[in-house]
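The chain below stands alone and is given in structure tokens; this is the form predicted on its own.
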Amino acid sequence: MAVHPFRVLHVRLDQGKGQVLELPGRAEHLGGSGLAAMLYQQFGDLTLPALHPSQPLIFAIGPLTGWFPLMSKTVCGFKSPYTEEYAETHAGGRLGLSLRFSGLDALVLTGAAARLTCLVVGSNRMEFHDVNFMKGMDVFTTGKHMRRYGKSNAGHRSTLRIGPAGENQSAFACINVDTYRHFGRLGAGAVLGAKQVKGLIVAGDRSLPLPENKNYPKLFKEIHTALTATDMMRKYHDLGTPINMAVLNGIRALPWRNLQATTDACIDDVSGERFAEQLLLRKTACAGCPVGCIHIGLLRQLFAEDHNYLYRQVGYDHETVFANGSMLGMTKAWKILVLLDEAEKQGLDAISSGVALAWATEAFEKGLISEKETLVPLKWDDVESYRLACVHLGLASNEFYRLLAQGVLKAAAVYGGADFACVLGQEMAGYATGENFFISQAMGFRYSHLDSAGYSYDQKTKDKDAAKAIEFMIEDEKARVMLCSLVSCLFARSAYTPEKVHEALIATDQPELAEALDSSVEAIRRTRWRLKLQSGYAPEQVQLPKRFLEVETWKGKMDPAYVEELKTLYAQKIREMGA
């Protein structure tokens, strides 16, 4: 059977034109992460700045999207304005299925529109709407105005948009996807802002025939049953990832107050259990997912006398709760929802914004900055000051916030405080588990806890065998590269083993992809690392701020010699993988 080419819609924003391309390479690049890297090689230029109009912004899905549960994510590939390196960020929502129902494997945007624009694309449509009246609008208001577009495909329509942070080209700017999902990290929102695109609608306006292979229904049922009728996904549906808050606090691995501590007695009031008891309103899921891991809290705020309340529905998970909770010394769960709601309005990556404000608070306490820079007095647990600071961060209200929105280390280079900057390639994720996690995030491909399970390795072993630890990270990364090329939710990694993925590709009549799976995953990993290295990444030069070496967990104090050994070995492996 002939392998179908990729169908890619290339939109030239500066010309107001688009073209569907049929590109070979499906068996080599699979989709998702592999396809995004392939397309960046074709359309990108690593020598140009990230925000140069000609740089592509790529959205890519995988070969199983729409046919199996939890094959529900989309990869966004771009050159990051945060690092000036090739980068990826992933999001769920409806976008993956909307692209599939549009008959597209990927969407590539190049150039910049002349005026602020809302772009609508489908299988046989492309519309450019002048939305200059939306300039400066927050994400919520923008979303309401965008509902007028693509109405005929409302059921299969996905809506992407940016807030003030994206328009201001903040390196913390995210792209909001539908409701509660984001291309969150490394500044994809700034790239969309630089292209003068306020919103993007993908209208899934075609049908999707099911595979005729007789094994497909049986395999679908087997996987669906494993995901819904066993305990495999119970954790994610029950309390969700915020269950990690109390667990990590219990083993002295939860960052508090800019990582000045790793445990605190206040945990009971900001734990996943407390959210569930007091604030959880409902659970929802990405399109194509039967699990329902997205937890929505009810935020109720008094806005006038006589008991007049404003209410909002705010998504929360471990990473955003940690960054806007324990990192800021919050003592009540509802306060965290206030900050998450504001970050959402501004179009900010809530992890980076929370961690950045934690650094700013400690810098304020140490006298490195004052209210002249912060405009509000920053103080642990002071929710209103933090909410206002979040607004200033989104609006880039002054030079201090403009710098801070480019990354904590950029602000620290001017004001001091690099020693206590909680940055591991980007603002840290919510795990202070030890040396293996710190190195895995600081040097990983996406600077993410999702690159490999270094945090898990820390929690399972006390030994300091660096070669063994790096081998674990390398093997774990390979499995994740496969899933990110499919593009599966990583929560489903127990269900989608390489053997099961092989079966799924056969059942969907893609035997060439199944046969080449192992070699293609290795090739994709090599391409990704090569792009990152060619864009200037030097793993040997990675440094951990001093604060990470001061951490004490259930295993004791950090071991600087072990950190150096991990770094040296990992850098060697990265060079080999990207050669």
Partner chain sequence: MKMLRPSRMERCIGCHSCSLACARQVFKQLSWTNAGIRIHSSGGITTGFEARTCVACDPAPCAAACPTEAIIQRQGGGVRLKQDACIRCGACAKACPVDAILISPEDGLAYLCIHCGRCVAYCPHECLELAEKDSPFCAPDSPYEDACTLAEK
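Positions refer to the first chain, counted from 1. The structure presented is a predicted model; accordingly, all values stated were derived computationally and were not measured.
This next part talks about the form predicted together with the partner chain, which is not shown.
Novice: Of these, 201-209, 487-495, 346-354, 471-479, which stretch puts a heavy atom within 4.5 angstroms of the partner chain in the predicted complex?
Specialist: Checking each option against the 4.5 Å cut-off leaves 201-209.
Novice: State the residue from His502, Arg282, Arg387, Lys135 whose non-hydrogen atoms include one within 4.5 Å of the partner chain in the predicted complex.
Specialist: None of the other options qualify; the answer is Arg282.
Novice: Quick check on this chain: which one of Thr74, Ser440, Ser326, Ser98 has a heavy atom within 4.5 Å of the partner chain in the predicted complex?
Specialist: Looking at the other structure, the residue within range turns out to be Ser98.
Novice: Would His156 count as touching the partner chain in the predicted complex under a 4.5 Å heavy atom rule?
Specialist: Although the partner chain is absent here, His156 would touch it in the predicted complex, with heavy atoms inside 4.5 Å.
Novice: Considering non-hydrogen atoms and a 4.5 Å limit, does the partner chain approach Leu239 in the predicted complex?
Specialist: Taking the distances in the predicted complex, the answer for Leu239 is no, it never comes within 4.5 Å of the partner chain.
Novice: Is Cys289 close to the partner chain in the predicted complex, meaning a heavy atom pair under 4.5 Å apart or at it?
Specialist: Yes, contact at 4.5 Å.
Novice: Test of understanding: in the predicted complex, would Trp67 fall inside 4.5 Å of the partner chain by heavy atoms?
Specialist: Yes.
Novice: Using a 4.5 Å heavy atom cut-off, are Arg94, Tyr216 and Gln313 all in contact with the partner chain in the predicted complex?
Specialist: Result yes, every residue of the spot touches the partner chain.
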